[in-house]
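As C-alpha cells, one chain now follows by itself in the form predicted alone.
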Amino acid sequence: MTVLEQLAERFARIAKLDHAMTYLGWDQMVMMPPAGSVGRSEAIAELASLRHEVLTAPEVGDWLALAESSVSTPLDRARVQEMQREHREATALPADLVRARITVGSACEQGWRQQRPDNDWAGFVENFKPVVSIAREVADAYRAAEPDSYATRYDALMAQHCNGDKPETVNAVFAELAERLPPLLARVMEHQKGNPISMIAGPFAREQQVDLGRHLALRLGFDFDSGRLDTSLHPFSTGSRGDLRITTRYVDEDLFDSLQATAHEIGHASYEGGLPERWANEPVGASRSMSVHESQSLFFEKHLFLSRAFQVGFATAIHDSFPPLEGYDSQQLWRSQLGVGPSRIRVEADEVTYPLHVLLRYEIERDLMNAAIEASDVPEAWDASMQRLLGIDTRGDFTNGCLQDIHWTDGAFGYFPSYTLGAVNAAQLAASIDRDLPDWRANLGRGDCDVIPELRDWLGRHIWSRASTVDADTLMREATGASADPAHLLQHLERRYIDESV
C-alpha cells in the first residue's frame, strides 16, 4: 500500500465519522424530542473527539510529509494539499485553547438567548469579552502554523470559512460595494415610490404550502429518491449524495418566504449532490468553501426562482395551489417579492440591502479581531455604520442591533463575508451562463422544460465537479474568466429593481 493509499484509507474513516455526525445533527434539529438533547450532544461530542484523534494521530503527519514529496500528478498534489490543510487546521490549536473556546462560546451563547430579548448589552459584553480574547488567540495560532499565509488575524479567521478567497480581493469587493451600493439603494427606492410594490397577504394554508414547495423542488431538479424536504425553525441543508436533507419554514402570511428558502437550500443540496463520487471520502472531493456554497444557493434562489422568466411558468402552480390568487398574473406575483427598503434586521433584509448588513459586520469584526476596536466599542461602531450605510438610528436598540446575530457568540468571526461573496459569485456565474446559454431566460419563460437541466449541467461542469481540486479564486476565474467582481451583482440589482427586466 502506497502512502497516499494509507492516507486515503485514514480519511475514509474520518468521512464515516462525519457522516454519522451529520445525520445525528440533522435529527437533533428536525425530528428529535427536546428531552433527548443532552444525550445527543454528548454522543456527537464523543464522535467529534474520536474524529480529532484519528486525524491528528502522529502517523498522519508522517504520511503527509512522505506523500508531499512522492506525488507527481496535479490531482494527486491537490489531494495531498487538501489533506494537509485539514490536518494543519486540526493541529494548529492546542487542546486547552479548543476547550477554552468551547467554554466561553457556550457561556456567551446561553447568556445571549435571554440578553437579546432583554436588550441587555451590559450583561452580554461581559461574556463577549472572553470570546473576543480567545478568538484572537485562535487567529494567532493559525498564523503561527502558517506564518507566510496571513497578514492579519482576521485574514486567518476568514480563511476558515472563505478558503481560497484572497484577502485583497475580499477587501476590494467590500470597498466597491460600500461606495456604489448606497446610491443604488437610493435610486431603487426612488423608482419604487413611483411604481409601488403591492405585497400579497395571506393567510396561506400550511398543507398547500407544503405541496407547492415539493412541486418547486421537483421543478428545480431535486430528487426525492435521494433526498428529503422537512420543516425546521431555520432552513438549512445537509447530507451528501444519495441522502440530501433540506428544510424550510412556513409563514402563514407570506407564501414566498418558504418558496425562496426552499430554492435556496436546493442550491446547497445540488452542489453537494453534484460533487465527484470518486473523491467522496477525501477533502479534495468536498465543496470548496462557504462563499462558493452560498453562490450556488443564491443562484437557485435569486437568479433562477426569483427570475421574471421562472415566475411566468410557476404562476400556474401558484394559482392551482391557491385559487384566490388567480387574480394576480405572473408579473404581479413576481413584483410582490421585490419590495426594497432599509431595515434593522439582516435576516429580513431584501436583496439590495442585505450586502450592506454584511458589510457592516465585516468591518466591525475585522477591526475587532485586529484590535482596532474592543468589544465595548461594538454598539457605537454598529450605530455609526447603520447610519452611514442604511440611514437608520439604532442607538439603545441592542436587541435589533448588535445583539441580533448568534454568529459572534461562539467566535465565528470571518463567516459573514461568505454571504456577500456568495452573492457576488452567483451574479458573476449568472452573467457567464447568460453568455454561454444566451436563450435560457426566454426559453424558460416559454415553459421549456430542458432549461433547468441545462443550467444544472453548466454548474455541474464548472463548479460541482471541480470540488476542492482548485482554490475558490481559481475556480471562479476558470468558470467566469475573472476573480470575484461586484460589478456583476450591482448590474443584476439594477436590472431587477430599476429596469425590472430579470
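Note that residue numbering begins at 1 and tracks the sequence as displayed. Bear in mind the structure is a predicted one, so any value in this text is a computation, not a measurement.
Here the subject shifts to the form predicted in complex with another copy of the chain, a form of this protein not shown in this document.
None of 245, 288, 357, 264 but one reaches within 4.5 angstroms of another copy of the chain in the predicted bound form through a heavy atom, and that residue is 245. When contacts are judged by a 4.5 Å heavy atom cut-off, residue 27 counts as touching another copy of the chain in the predicted bound form.
Among residues of the shown chain, residue 58 is not one whose heavy atoms approach another copy of the chain to within 4.5 Å in the predicted bound form.
Although the partner is absent from this view, residue 442 stays clear of another copy of the chain in the predicted bound form, with no non-hydrogen atom inside 4.5 angstroms.
Put simply, residue 226 is close to another copy of the chain in the predicted bound form: some heavy atom of it is within 4.5 Å. Using a 4.5 angstroms heavy atom cutoff to another copy of the chain in the predicted bound form, all of 35, 46 and 53 count as contacting.
With another copy of the chain omitted here, the record of contacts in the predicted bound form names 236-244 of 125-133, 103-111, 236-244, 405-413, defined by a heavy atom within 4.5 Å. For the partner-free chain shown, 13, 16, 17, 19, 20, 23, 24 of 1-25 come within 4.5 angstroms of another copy of the chain in the predicted bound form, judged by any non-hydrogen atom.
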